[in-house]
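Single chain ahead, written as structure tokens, the form predicted alone.
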């Protein structure tokens, strides 16, 4: 597979995680990859020939078992490289995604396995997403909730984000909310859903939109 084909598999996998439909329509894939629907249809037909997806006109595509394994392998490489960039090369957590997007296409399985061992087999990437193992198995048994769903006086530990964009991660750093930070909800505003909380020892107020993108492991 080339880089473009790998990006399609990863995009379909990502969209399928958030969809109740068996097939992902071409317009959703086109939007995700910033491509024209006609180009997406053409690529899906090529991927079907390689038995990586099942494509149906007017319905879209779903990953085959072979395609799912390939997508999970790409995701594994991406998240391992993010850990490496953060922990070993000291990039910030809002900088690692774009670089890992390039490194995830390295084909060497041996390199990936050695990288995993070198990092002592991390289970989560810098944004809190679980890392598939070499067999494509994802294990995540954390008792988590979105910050927006927590009640007043509830507390927990920040373990991940729904939105890993650079602008959101920089915003979280600015208000002292990072991975591993202790969080306690002090109050919730009925008017707009904003939340007043303590992050570490600092009291901050965040919007409902931000709270919907922060994942907390409940104490």
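Treat the numbers as computed from the prediction; the structure is a model and nothing was measured. Residue numbers count along the first chain shown, from 1.
The following text describes the form predicted in complex with the DNA, which does not appear among the structures shown.
Across the options 164 to 172, 25 to 33, 189 to 197, 65 to 73, residues that bring heavy atoms within 4.5 Å of the DNA in the predicted complex belong to 25 to 33.
For the chain shown alone, residue 183 is not a contact residue for the DNA in the predicted complex, no non-hydrogen atom being within 4.5 angstroms. The DNA is not drawn, but in the predicted complex it has a heavy atom within 4.5 Å of residue 57.
Contact annotation: residue 2 falls within 4.5 Å of the DNA in the predicted complex, judged by heavy atom distances. For residue 41, a non-hydrogen atom is located within 4.5 Å of the DNA in the predicted complex, even though that partner is not displayed. No residue in the set 84, 97 and 128 has a non-hydrogen atom no more than 4.5 Å from the DNA in the predicted complex.
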